[in-house]
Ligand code: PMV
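One chain comes next, on its own, written out as structure tokens in the form predicted on its own.
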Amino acid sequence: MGRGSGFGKTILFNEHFVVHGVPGIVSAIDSAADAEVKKNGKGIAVEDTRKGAKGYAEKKRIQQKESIERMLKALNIDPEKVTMRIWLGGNLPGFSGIGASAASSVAIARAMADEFRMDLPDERINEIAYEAEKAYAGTPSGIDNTAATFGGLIWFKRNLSGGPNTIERLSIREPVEIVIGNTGIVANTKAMVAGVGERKKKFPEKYNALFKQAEELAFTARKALEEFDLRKVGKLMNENHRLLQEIEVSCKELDHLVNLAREQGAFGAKLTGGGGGGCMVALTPRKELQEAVATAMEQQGFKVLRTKIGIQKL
């Protein structure tokens, strides 16, 4: 039996902007997807035991089937000629916006490689997971699968010419507590990415200015993280959320959770992931602040994940 794992993630800066070549910053969190693969049975059977937003697994099932077929083809295995059972679990919930699909893709890719006796480096696992992500995101930036594969804190810039993406490890003094709040809405990442692309073409002057602001913000945020100036990081997260609102990927539920987190003392808060639902992230250094923000959300009926950024080992 082959086994593998993949990190969950939160995008701290510039989701959507990264699709168009603007730098982004992503961090692995201390929750992961686990997978087991065994060659047996008839066809390809998937048992998904992950906890998450109601309807997540059902709505993602067709995309999941396509992603597995893409992974098999990337491994030069004919999906029509292989029989296997895939089990998915782990402590990463199936929320939209925390890299659940990327984490599961990395976990399955590693488990497949293990079961088929392939000794693949992380770089190759990342490439296979990127192929899988096309089923979920259409034209993914590559940022989710990169965080799911390598962990830690990553500076990411997509190469729009088709060459290698820029992937740089960033270091912070120590992992920092965050709260991820779930709206309960299963987001359609493909539709959100396509919508931004369409509006960018329709309103080039407006969007070019916003994208320039996002680029400048990324470099400022990188410096603040490296200097461990968490107050500044939080303020920049707030500003990044405003930019994401401007490109129309937030929603009233996300805005409500963001405002609630700030009212409870979070250093900063913003949506994370594709938007249109899914999750938001609040920067809440120290357990006491993390608990205050998380409890406030839970008291209003929202599901939350108490976790940390900057995690480098599963």
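Treat the numbers as computed from the prediction; the structure is a model and nothing was measured. Start at 1 and count along the sequence shown; that's the residue number.
A second form of this protein, the form predicted together with this ligand, is not displayed here; the remarks below concern that form.
- Of the listed positions (128, 143, 112, 233), a single one reaches within 4.5 angstroms of this ligand by any non-hydrogen atom in the predicted complex, namely 143.
- For the residues 221, 186, 135, 193, the 4.5 Å heavy atom test against this ligand in the predicted complex is passed only by 193.
- The closest non-hydrogen atom of residue 304 lies beyond 4.5 Å of this ligand in the predicted complex.
- When contacts are judged by a 4.5 Å heavy atom cut-off, residue 92 does not count as touching this ligand in the predicted complex.
- The shortest heavy atom separation between residue 99 and this ligand in the predicted complex is within 4.5 Å.
- Heavy atoms of residue 22 never reach within 4.5 Å of this ligand in the predicted complex, leaving it off the interface.
- With the partner left out here, this ligand still marks one of 253-261, 61-69, 271-279, 32-40 in the predicted complex; by a 4.5 Å heavy atom cut-off that stretch is 271-279.
- Contacts between 1-39 and this ligand, taken as any heavy atom within 4.5 Å in the predicted complex, involve 9, 11, 15, 16, 18, 19.
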